[in-house]
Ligand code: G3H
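Before any questions on how it binds or moves, here is one chain, the form predicted on its own, in structure tokens.
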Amino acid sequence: MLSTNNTPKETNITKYLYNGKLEIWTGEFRKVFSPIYSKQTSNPILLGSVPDMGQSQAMKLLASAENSYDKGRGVWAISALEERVKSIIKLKELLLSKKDKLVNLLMWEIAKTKQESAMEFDRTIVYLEDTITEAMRLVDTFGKPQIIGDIKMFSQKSPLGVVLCIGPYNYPLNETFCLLIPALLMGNSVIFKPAEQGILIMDSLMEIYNECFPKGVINVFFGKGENLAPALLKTGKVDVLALIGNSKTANKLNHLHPKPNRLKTILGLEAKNIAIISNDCDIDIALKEVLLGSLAFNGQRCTAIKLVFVHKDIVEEFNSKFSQLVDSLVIGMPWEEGVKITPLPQEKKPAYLLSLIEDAQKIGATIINKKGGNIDRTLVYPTVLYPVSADMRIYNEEQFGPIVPISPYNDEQEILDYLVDSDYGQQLSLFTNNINDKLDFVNMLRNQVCRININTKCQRGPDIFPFTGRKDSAVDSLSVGDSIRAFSIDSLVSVKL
């Protein structure tokens, strides 16, 4: 039963950031509920409300970003990179003063554990610091002309224009900043649309943005993305689409632009990362890493392990031990000590996960852990399915929730065939004690995914490492250095000596 005796103070966002002002919103509001239910009322806890804006307001904010950029002649666009870095440093300092409030909002609105919410905040600060360091390195590079033959060349990174930035619900602070900060740092003007969950942190963030940047450089609007984003792109006035979400949404939006060759896309999309458990692995390490990799934050991570291939020689041992570990995970409220599994913030997600489980069961899979398959409103107990085969939806679809499908394999070619046919290509984890004997296999895997993790879970960090994906998993890279390059273009001035 989901319940609590504590209720947080409501956060009602009554303003939106437009043209350097926090404008009062006088229209309709959308209520924001927690996935956590009240013990007194047995209903989801009301956390607050946000403006429910329409297309006319979105167009107003687009005009603000356009005016700010002013076809590349705006104050922010032509300012020195050193000046922009000062704004990011100020943003970081103001953000630190809001840590407790932001962590608490993440915990209540998306049910991320207190520890994981604090980790998301801390990682965001590290990301800002690393981005500042990389930007200052670029400053040093820009100041040094190159001479090749009789040509002297000066280089700099120039902005791309107006950026439509759409953030995700699962990491509404960290992953949003991975788009927003490099876009701003490189001199672009931004229209930002937060996700519908994890949105209440914008109450504090808008104040910070308004204090750190010139008017119109960043504009924040609220409302349903499926209604507003298409209208913005149809104008042809958006130069960059920066989105962390899913490929279907990205494809629809990309094709709406009347001049698609003028639209730069920077996308972090879905993945179906796999773990490969070889028969020569250290099984205890594999168990620990797959447990964390598949079920941290309820598996709601693009980098989560979402399908496990286990060699037939050890699959019975692995399944038995893994099921026990899954059932030992503490399930409860995000503020409770030691909790690992919490309610899911998306209203329709439990029904979707149940449909995946039932589909697999009809075709021959079994729930092999004792607590698996249980659902209490927004709380889905972690479920281990075995044996999973290619004709099951869970074999190919990204579940983005606490289901761990396990498939037995005998030949490595089976795994290669899966990866070749998959729509995704972000990462995988390979567990083996004889990596030298598997170098040929690893080389073939490298041409299917963008990161291979040896004896550890799939993961994004450190943020200085390239973070990208093949096929429907990404467009461009979102590492610290790569994202700065993605949101800018090389601009040269050359002189013949």
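Note that residue numbering begins at 1 and tracks the sequence as displayed. Predicted model only: the values in this text are computed from it and were never measured.
Another form exists, predicted in complex with the ligand; not displayed. Remarks below refer to it.
*Asks:* Non-hydrogen atoms within 4.5 angstroms of the ligand in the predicted complex: do 37, 111 and 377 all have one?
*Replies:* Looking in the predicted complex, the three residues 37, 111 and 377 all stay beyond 4.5 Å of the ligand (heavy atoms).
*Asks:* Contact with the ligand in the predicted complex for residue 303, defined as at least one heavy atom pair within 4.5 Å: yes or no?
*Replies:* Residue 303 belongs to the contact set for the ligand.
*Asks:* Residue 170: heavy atom within 4.5 Å of the ligand in the predicted complex?
*Replies:* Yes.
*Asks:* Give a yes/no on whether residue 459 approaches the ligand to within 4.5 Å in the predicted complex, heavy atoms considered.
*Replies:* Looking in the predicted complex, residue contacts with the ligand include residue 459, since a heavy atom lies within 4.5 Å.
*Asks:* Taking heavy atoms and a 4.5 Å cut-off, does residue 123 contact the ligand in the predicted complex?
*Replies:* Output for residue 123 is yes: heavy atoms within 4.5 Å of the ligand.
*Asks:* For the chain shown here without its partner, which stretch in 295-303, 406-414, 366-374, 387-395 has non-hydrogen atoms within 4.5 angstroms of the ligand in the predicted complex?
*Replies:* So the stretch in question is 295-303.
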